[in-house]
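What follows is a single chain, given as structure tokens, in the form predicted alone.
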């Protein structure tokens, strides 16, 4: 079944780039199109065959407003943008719709967030740094094994970020290949590379959810009988109002941590290095002064924006960018577009690790749905890149980067590099 949307009626076809997986395989063209939308139709009504009609929100100010006004724009079980059949298929196959922090709203969202929030407070995340350092050293040392050539995305960024989140989770290293195949099949299922033997991406997604369920049911039983100091034990034994987490809520809690905890950051890492290779002066500056890595991580996250968008539902009529969004309508918040807004960022199409306005990025959302793992992601980016730069004397492209064709979470999936060691 094709995932390529088709415009209906008089819909401006430019709006389709926000939901077309293939469009994210050419980000230069993608950004050129959304730049036109920011100028000419920043709040655009989009109707596509098989999709719920939605308002495409492309300016920073409007995405900021939607995110801040969570009292008006609610998350629902369909907050991850997708065609209607994607969600209808869940019901047809007897699989409950996702109920993660992304899909929950209001008091119930706050309660579920509190289950793990202590793990992601700044002080707690700072305490993870020695473990992140150790894992980063392990993977940066692999540069010694690759004989001057590797795919930075698949050989370093993906397994490094996976190892970090799985170590926090408490998942053994022997199970990491399974977790990788499941997470890529869930978030990247629109990309043909991740389809494997499946002809239908929806079949792949539902199959992976069942595999997740089987794996985490076993993990839950173990952590309930033998709790440890890992995040899996926190979720397995989590309680709200004195009652254990529901089975569905617990399953999706595991899934969102396992998937969002590494896919997004690995795309940021590979996309960030890609830009550094295109800007040798900035690469040299980082190599000479590692203290620049903090702001560089911010710029990398602004530039790559791995989470492409979310759906939000208007609970009342609301004026946004001069357009009235009727109660009950859906808005799509485009983070890569907001992060290149000319009204907010100076020369936004220029990658600049010294950018003074990089902290205005919206890559992690805002307000009550601000990403729990934001601080972990920042630490992972600056740590791994720093360890790599400590080891290489020269580094350059060894082929063309490739982008994943997925409209929800995507980025540079292959980054062939050549290098010499110090």
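Positions refer to the first chain, counted from 1. All values derive from a computational prediction rather than experimental measurement.
What follows is about the form predicted in complex with a small molecule, which we do not show.
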Exercise. Can all three of 312, 335 and 365 be found with a heavy atom no more than 4.5 Å from the small molecule in the predicted bound form?
Worked result: yes
Exercise. The small molecule isn't shown here, but in the predicted bound form which of 320, 158, 143, 301 has a heavy atom within 4.5 Å of it?
Worked result: 301
Seminar exercise, completed: Heavy atom within 4.5 Å of the small molecule in the predicted bound form, from candidates 113, 163, 340, 223, belongs to 113
Exercise. Want to guess which of 53-61, 365-373, 39-47, 25-33 is within 4.5 Å of the small molecule in the predicted bound form, heavy atoms only?
Worked result: 365-373
Exercise. Taking heavy atoms and a 4.5 Å cut-off, does residue 72 contact the small molecule in the predicted bound form?
Worked result: no
Exercise. Heavy atom to heavy atom, is residue 377 within 4.5 Å of the small molecule in the predicted bound form?
Worked result: yes
Problem set entry | Contact label in the predicted bound form: residue 261 to the small molecule, heavy atom within 4.5 Å | yes
Exercise. Would residue 265 show up as a contact with the small molecule in the predicted bound form if we use heavy atoms at 4.5 Å?
Worked result: yes
